[in-house]
Ligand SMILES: Cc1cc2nc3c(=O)[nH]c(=O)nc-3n(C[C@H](O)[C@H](O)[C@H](O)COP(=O)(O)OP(=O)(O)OC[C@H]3O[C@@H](n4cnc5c(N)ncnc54)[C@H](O)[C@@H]3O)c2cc1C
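Presented below, as structure tokens, is a lone chain in the form predicted alone.
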Amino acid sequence: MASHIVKVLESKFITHDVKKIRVERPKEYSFIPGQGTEVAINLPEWKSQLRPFTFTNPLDARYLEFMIKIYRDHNGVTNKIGGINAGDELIIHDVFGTIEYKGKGTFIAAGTGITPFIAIFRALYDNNKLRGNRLIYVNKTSEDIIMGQELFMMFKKDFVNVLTRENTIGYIGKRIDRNFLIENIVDFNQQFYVCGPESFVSDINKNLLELGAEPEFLVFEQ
């Protein structure tokens, strides 16, 4: 498995518990929007602890970017990444992932499940090909929304913002279940992209199939 030691160029929190990390991009290192890699911290006691993260940077950027949720409740990898600053080093490995754009459709994401889609959205938007796609994005509260302003700027009326633990003007305050899908999706004969916690993806896919979606039109990490 190939690996590259890369220097951190930028490190900052973009929500209360999500940190954006930009690192050097190795020469000829490429990926398809939606893919990711395994990342480790380049310190003796951490370099063997690999975790998967998705690229969120534009394809032509000279850097690689990750948006990582920091779990502070235990001394794990993301908690350590929470203290990473510019000048520190990470180790990245080969590219992997089964999420990629296959045509216009509806994207359904929960929490940090939005991250595989961000590079896809940016690539489509930069090429004037995003119109005709729709985003349903669910979070617990408005403070948890990742890149909310950019997503709204790109999608406008095709951005459905859902909060499960907060009632706020401009947001839909309910969970995404079978009834929600019936109320918010007119045509189930389309491409669907689903990402989030494993149980979320399983439940959404099950409901979509029951409502008429074709199995080959479901794109998710397998």
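Residue positions are given as counts along the sequence shown, with the first one as 1. Bear in mind that the values here come from a model prediction, so they are computed numbers and not experimental data.
Omitted here: the form predicted in complex with the ligand. The next part is about that form.
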- Consider residue 51 of the chain shown here, and say whether it contacts the ligand in the predicted bound form, taking contact as heavy atoms within 4.5 Å. yes
- Message: At 4.5 Å between heavy atoms, is residue 141 in contact with the ligand in the predicted bound form?
- Response: no
- Query: Applying a 4.5 Å heavy atom distance criterion, does residue 68 contact the ligand in the predicted bound form?
  - Reply: yes
- Verify the contact flag for residue 132: yes if a non-hydrogen atom of it lies within 4.5 Å of a non-hydrogen atom of the ligand in the predicted bound form, no if not. no
- Note on the structure: The one residue among 103, 76, 83, 87 placing a heavy atom within 4.5 Å of the ligand in the predicted bound form is 76
- Contact stretch among 148-156, 108-116, 121-129, 87-95 - heavy atom within 4.5 Å of the ligand in the predicted bound form: 108-116
